[in-house]
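Read the single chain below, which is given as structure tokens and is the form predicted alone.
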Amino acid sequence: MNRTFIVAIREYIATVATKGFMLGVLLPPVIMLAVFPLMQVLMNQKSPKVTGTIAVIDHSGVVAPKLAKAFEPDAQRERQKAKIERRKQAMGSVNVPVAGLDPEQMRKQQEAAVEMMTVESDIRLEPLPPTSDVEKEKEAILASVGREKDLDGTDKRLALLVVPAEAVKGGADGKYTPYQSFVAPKLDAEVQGDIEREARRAIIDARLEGANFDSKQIRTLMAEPEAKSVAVTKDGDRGTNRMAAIFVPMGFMMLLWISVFTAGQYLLTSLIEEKSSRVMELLLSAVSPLQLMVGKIVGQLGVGLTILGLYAGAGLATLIVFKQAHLLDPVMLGYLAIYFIIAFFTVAALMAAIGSAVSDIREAQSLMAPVMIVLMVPMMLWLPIQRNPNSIFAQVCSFLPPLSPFAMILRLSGSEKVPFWQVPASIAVGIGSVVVLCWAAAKIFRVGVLMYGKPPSLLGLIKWIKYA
């Protein structure tokens, strides 16, 4: 036992004390903290103003006047202000921590960035006679740069709208004919959306007025009511955010997946390096194969816990700073620790078996492929599992090693309550699968750790388990 402990300590220090580990684990958060202030600076650079004209060939005779009012300078400024306010409200309480900024200060900076990034436009409507040649009028769009005025100071044509009479009055079959929108290829997407949105609005208003309806009153009645979502917690009412509630379960699974697979990858790499350099033979002269394997797995368990602690701590601190801690159930931290142990030993046993059976990282890839495909299932299907945690698929994954810990952490952190009996049952299944996998890995390790040459196939590994 003492020798196993020594191997574990050596494995942990040999991994954590390297520059690669420190850069790989600590550098990503540091880069994120450095990038976000830079993004704030870049986002505060005002977008260039879009200036130009929109030509309209209106066969209905009623749409063009409405579009002319929509693109008056005052109307454009009002739409821009309304757009900025909507974006500020949509921002809600979703904030990304930036070093040196408190939440209020960062909120103000983000609101300023929203204002700067919202494209300002100064567009004039250019009505054309209904008899105009569409192909000829489209040629004027080719000279557009899609942004500021041209070098000669003239406004260029940004778009051409062709509105048939049937788009307002309907055809003989009662169906409305679509209008056509021809735009400059470099026209800003936001401005293009504004043009097409106002064109649709003008056509609908013309239809309503043609049917003797008050379009303004109908739009007021049809406006979607706004709601302010509030989470009821033991500490009082708090602001909530649907996107944050959706991605918290994803955060739990990512924590589990990153910590487990990072440590498992270190274990695989360490075994292959020591085996290819013949250091393994020296180690086996002092400890038994079982002591070596257990020591290495326990050492990398410490590595995984270190990664989990760092990232989970950072995530928890972020939720506390931005007053979203109510999204996190403290019980989930206990479940995270339990399922981390199960997931780690599951992956570690697989990595130990593969690492001991090969002598080169390229040889390991062929054996790793089927393992990775299976373990990637929760990553690829996290949203269906999280949105419907009690579906048959989610429940099957919860009792199917090695998917069980990843599926259960998603289900438990979701919005729907999981039947309580499934928690201990999944833990029991996980522990049972860990025992079986570790037993099989020990068999393969004992045979393969000193074998060199052509790596075995999956069928060959099964034979090693059988005869070892």
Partner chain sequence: MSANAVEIRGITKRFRDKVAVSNVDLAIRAGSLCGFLGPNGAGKTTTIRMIMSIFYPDRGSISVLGKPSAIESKDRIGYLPEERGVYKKMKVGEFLTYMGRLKNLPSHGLDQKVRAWLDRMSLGEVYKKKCEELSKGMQQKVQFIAAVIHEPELIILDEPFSGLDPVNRRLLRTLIDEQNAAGRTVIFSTHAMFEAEQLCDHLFMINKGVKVLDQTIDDVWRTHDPRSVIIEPIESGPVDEGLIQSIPGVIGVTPAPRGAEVRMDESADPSRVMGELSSRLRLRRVELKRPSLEDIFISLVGADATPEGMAAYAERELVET
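Keep in mind that this is a model prediction, so the values were computed, not measured. Residue numbers count along the first chain shown, from 1.
The same protein has a further form, the form predicted together with its partner chain, not shown here; the description that follows concerns it.
Of Leu310, Met368, Val377, Leu284, the one that lies within 4.5 Å of its partner chain in the model of the complex (heavy atoms): Exactly one listed residue reaches within 4.5 Å, namely Leu284.
Interface segment, criterion being heavy atoms within 4.5 Å of its partner chain in the model of the complex, picked from 388-396, 250-258, 161-169, 268-276: Comparing against its partner chain in the model of the complex, the contact stretch is 268-276.
Contact of Val7 with its partner chain in the model of the complex (heavy atom, 4.5 Å): Yes, Val7 sits close enough to its partner chain in the model of the complex that at least one of its heavy atoms falls within 4.5 Å.
Ser288: touches its partner chain in the model of the complex, heavy atom cutoff 4.5 angstroms: Yes, Ser288 is a contact residue.
Leu450 within 4.5 Å of its partner chain in the model of the complex, heavy atoms: Leu450: contacts its partner chain in the model of the complex.
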